[in-house]
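Only one chain is shown below, in structure tokens, and it's the form predicted alone.
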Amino acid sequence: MAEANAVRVGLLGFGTIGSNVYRVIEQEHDAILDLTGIDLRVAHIVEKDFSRAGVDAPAELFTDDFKRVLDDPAVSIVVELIGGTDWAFTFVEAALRGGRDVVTANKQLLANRGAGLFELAAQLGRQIRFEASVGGAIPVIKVMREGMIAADLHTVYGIVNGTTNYILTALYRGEGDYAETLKKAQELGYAEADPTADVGGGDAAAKMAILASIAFRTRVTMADVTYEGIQDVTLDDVQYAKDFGFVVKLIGAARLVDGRVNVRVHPALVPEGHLLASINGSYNAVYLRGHTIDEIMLTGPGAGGPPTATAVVSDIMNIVGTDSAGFLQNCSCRRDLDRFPDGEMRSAFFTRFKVEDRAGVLAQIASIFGDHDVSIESMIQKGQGDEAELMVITHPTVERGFFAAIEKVAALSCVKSRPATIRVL
């Protein structure tokens, strides 16, 4: 047998993902060696919380000094799993300048400060791999950068946050209201103690910035992504949508419109027959459309330590198996496209509100919608004594006009609740 090629890794962070990366490398060491001839080991673990030392790894591997990694000539790859943007940026920049390739799962780092790091990596001939930053074990970045290079992608839809998908699935199944299902998600480990980034849409927005950058080959940052969360989605919204034949999902939508880019995250009614409607629980999915491929969807477990660790180790092996850095390893943003304004996008909408149950009310509402070129596709009215609850789905319309119409409807004396609105995919 040929002599093994020793590859040593510096691991930054030993939380849920970091500890699982270490565990996967140890457990799969012999299989990796047998299949590839690579003797893959973790040489150092940079971790401030030394109470974790010795739990899953020998205590001598742990340090709180990143310089120890840079001073070890045997370390060729640095894996950044500490999260955040400030220290992570500092460490990744130092690793690149120190002649190391980098693997990261840090979506916020890439979505906010990735451009500078990719530029530096290209200058230095180093690689940055980031498959684990979106979709956990789903190899969506590799597929988009390599398999879809000639697909001429124009649309990317993503269910890219397991926490919100778990909650919305539970609401659809009638397993409780929003507060109850969020609490259950936290108990199961799908949601953090502070779930703001997940339920508020920020986590999904960072991931969609990365996916849009790859799909359209133009730099998209968090500042370019408009996002909403699911905090205002109620059990009634989900159940009424079900009556219309829809499933509510938190959708990341990146679209190329007339040569300009629009990227957003928002709750959406998805038709029950659509591929994305079947993605339940904490699973993720990325749905791609292009001029040459029609539609493709990738799905799988999108969060958690083991799936994400699998993607990290895959990135490590891809670095080892690549002779030199190039466009497939780093940034593919080769053009500068303008942004398409949110208000000019065309969307269909579901809206729900309470009105006085008397003659002439529907005529007033329909007149306002008509004045703003909003056409009603379907409607359900449910009487509640002197009031009625009105559920409306519109045909696709310019969003600016729809929201102007909603403001006028909300101001009518016969309307007794603020209209709740959700887009329709």
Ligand code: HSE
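The model shown is predicted, which means the values in this text are computed figures rather than measured ones. Don't overthink the numbering: it's just position in the shown sequence, from 1.
Separately, the form predicted in complex with L-homoserine (HSE) exists; it is not shown, and the next lines address it.
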Every residue of V160, E192 and D203 near L-homoserine (HSE) in the predicted complex, heavy atom within 4.5 Å: yes
Mark D198 yes when one of its heavy atoms lies within 4.5 Å of a heavy atom of L-homoserine (HSE) in the predicted complex, and no otherwise. yes
Under a 4.5 Å heavy atom criterion, is K207 part of the interface with L-homoserine (HSE) in the predicted complex? yes
Mark G302 yes when one of its heavy atoms lies within 4.5 Å of a heavy atom of L-homoserine (HSE) in the predicted complex, and no otherwise. yes
Could you confirm whether R129 comes within 4.5 Å of L-homoserine (HSE) in the predicted complex, counting heavy atoms only? no
Could you tell me which stretch in 236-244, 162-170, 249-257, 146-154 has residues with non-hydrogen atoms within 4.5 Å of L-homoserine (HSE) in the predicted complex? 162-170
Pull the contact list for 350-365: residues with a heavy atom within 4.5 Å of L-homoserine (HSE) in the predicted complex, in sequence order. none
